[in-house]
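First, one chain by itself in structure tokens, the form predicted alone.
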Amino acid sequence: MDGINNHFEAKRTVFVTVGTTSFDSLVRTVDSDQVKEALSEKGYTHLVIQMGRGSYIPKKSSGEDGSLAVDYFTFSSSIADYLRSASLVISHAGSGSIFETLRMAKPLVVVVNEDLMDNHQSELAEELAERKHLFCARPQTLYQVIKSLNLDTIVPYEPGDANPVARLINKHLGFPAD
């Protein structure tokens, strides 16, 4: 029985999300042997990929041969449970996915989709990476980012307080103060 309990304690899951978009280059990259081996070397045991509208189908694996266990799905009504159970999150650069992950204090690698026009998402990801709240990569650099991943360098994200701004707007509009 102790062996079973130790197995569950040792489970370390990487959750990958592309949101509602298609981001096949990210899914293909995390499904590569090179990236999966790098994740295994970092001690991760499971890889769960939310692939959205993409057409690339990852290779499932039970992990029984000692490799990373891999599973995937297209959509879920909520990814909150996947985020909660993750030891590491690899996400597209959508602000909703980024901030939901940061609020849960999960280590995060954001992968920027360079195929998007007017990519304001890269500005957000790069700014948060500069502040050391997350790591930023492109599909072609994800392997190197994972290999050099040092989670001890992450600075916890502290959400801002919107109350002062709301009070100022209310005052300007003539609403009573709280």
Partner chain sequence: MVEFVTIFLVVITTTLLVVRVAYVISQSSKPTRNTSQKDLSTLVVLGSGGHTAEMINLLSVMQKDRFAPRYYIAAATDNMSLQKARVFEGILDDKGADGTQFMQIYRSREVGQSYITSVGTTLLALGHALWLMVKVRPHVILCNGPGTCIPICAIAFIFKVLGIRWSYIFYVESIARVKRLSLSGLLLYKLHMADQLFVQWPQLQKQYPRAHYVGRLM
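Residue numbers count along the first chain shown, from 1. The term rigid core refers to the most C-alpha atoms you can superpose between the two forms while keeping them within 1.5 Å. All figures in this text were calculated on a predicted structure; none of them were measured in a lab.
What follows is about the form predicted together with its partner chain, which we do not show.
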Report task. Mind telling me which stretch in 44-52, 106-114, 123-131, 66-74 gets its heavy atoms within 4.5 Å of its partner chain in the predicted bound form? Result -> 123-131
Query - its partner chain contact in the predicted bound form: Ser95, any heavy atom under 4.5 Å - result: yes
Query - Any non-hydrogen atom of Val155 within 4.5 angstroms of its partner chain in the predicted bound form - result: no
Query - Contact flag, Ala10 vs its partner chain in the predicted bound form, heavy atom cut 4.5 Å - result: no
Query raised in the report: Of 138-161, which residues get within 4.5 Å of its partner chain in the predicted bound form if you count heavy atoms?
Result: Tyr157, Pro159, Gly160, Asp161
Query raised in the report: Asp161: CA shift of at least 2 Å between the shown form and the other one after core fit?
Result: yes
